[in-house]
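Coming up is one lone chain in structure tokens, specifically the form predicted on its own.
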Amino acid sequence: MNNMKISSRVWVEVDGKALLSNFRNIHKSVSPCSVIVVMKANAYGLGVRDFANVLKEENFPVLAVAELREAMELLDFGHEVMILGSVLPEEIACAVEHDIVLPLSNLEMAKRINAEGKRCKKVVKCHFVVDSGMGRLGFLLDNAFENAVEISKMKNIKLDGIYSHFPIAYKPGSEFTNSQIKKVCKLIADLATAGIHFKWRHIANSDGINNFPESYMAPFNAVRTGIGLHGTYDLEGNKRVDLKPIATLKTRLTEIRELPAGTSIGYGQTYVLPRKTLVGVISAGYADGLPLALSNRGSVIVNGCLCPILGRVSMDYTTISLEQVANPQLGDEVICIGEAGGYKIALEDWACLKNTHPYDIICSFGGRVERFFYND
């Protein structure tokens, strides 16, 4: 068997130094609040273990993920691991066994977790989830108080935290978001009067950090951030915290041809060369995360030159103009997201073209895209 390693033709370089800087800048901007590091979906597709290694020595209370499998992967990092949102009944036993911090989003879940804690002779740390307007998970504000009181009587559950989530914190000044903050603050105060106190109280996500200072003021003492660590912002809203992009998406030039005027390019023949043109083909397509919306609109950078995309992006390849590139060579490095030669292509640029948000773009990098972390 041939054990020779074959490198991918598409890769992401992740700047660990920028990641660390982003964490510290966010931490400083919300001080004295703590920062809950959100690493769900494989750290938004960039590689959760490398991501966690960069931040391992930093001061944060918990690593947050979306599901049990993700939590299990991080148990050896020396930080508490928390599942955001919900757990399935069949996941509770394993989660309790491994001391994973669990969400409480309904009373039946709390009863199951309490029963498992009793069986294992453990007190299970949990965060009480409040649906203050997201409409997805958690106790509705109308019945959150009485449910929290009932859960507080369960001997094998420790109400270690309480949190809610914003649906439109990317809109500065949103009355809806401000009303969420006020209502959750009142709930926390009412529960405190009833003798129920939470070590961690959080409502701010990355957008909240940038747009709603009230979301990281008392009674809140923690924030959650995921996309902020990646150095990107929502297309709306403020950019209050100084963040640096951490990911550069690259590929290679795999074909160079001079084609005559009148040649059609790609599926659907959506582009026809107006003149004899030097064109190139790069080894990346929508299977690697390049949005179809880049077709005939986006660009890449080759040898410091901005090269327009010609025709429709296909699954594995994309055709570009090389008219501005002096002496291009097969194998030349191509920057799809990143900067060089005074040009910059950002995640936000792709999100704008696709009419989506940066989360969608960064989570779309395909499985054959290699991830490399570096710290210099």
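Small disclaimer: the values here were computed from a predicted structure and weren't measured. Residue positions are given as counts along the sequence shown, with the first one as 1.
Not on display, but discussed next: the form predicted together with a small molecule.
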query: 4.5 Å heavy atom contact, residue 127 and the small molecule in the predicted complex; finding: no
query: is_contact(residue 38, the small molecule) in the predicted complex, heavy atom dist at most 4.5 Å; finding: yes
query: Heavy atom of residue 359 within 4.5 Å of the small molecule in the predicted complex; finding: yes
query: Any non-hydrogen atom of residue 111 within 4.5 angstroms of the small molecule in the predicted complex; finding: no
query: Answer option from 132, 225, 211, 295, heavy atom within 4.5 Å of the small molecule in the predicted complex; finding: 225
query: Selected contact from 206, 251, 215, 180, since only one has a non-hydrogen atom within 4.5 angstroms of the small molecule in the predicted complex; finding: 206
query: Contact segment among 263-271, 147-155, 243-251, 225-233, judged by heavy atoms lying within 4.5 Å of the small molecule in the predicted complex; finding: 225-233
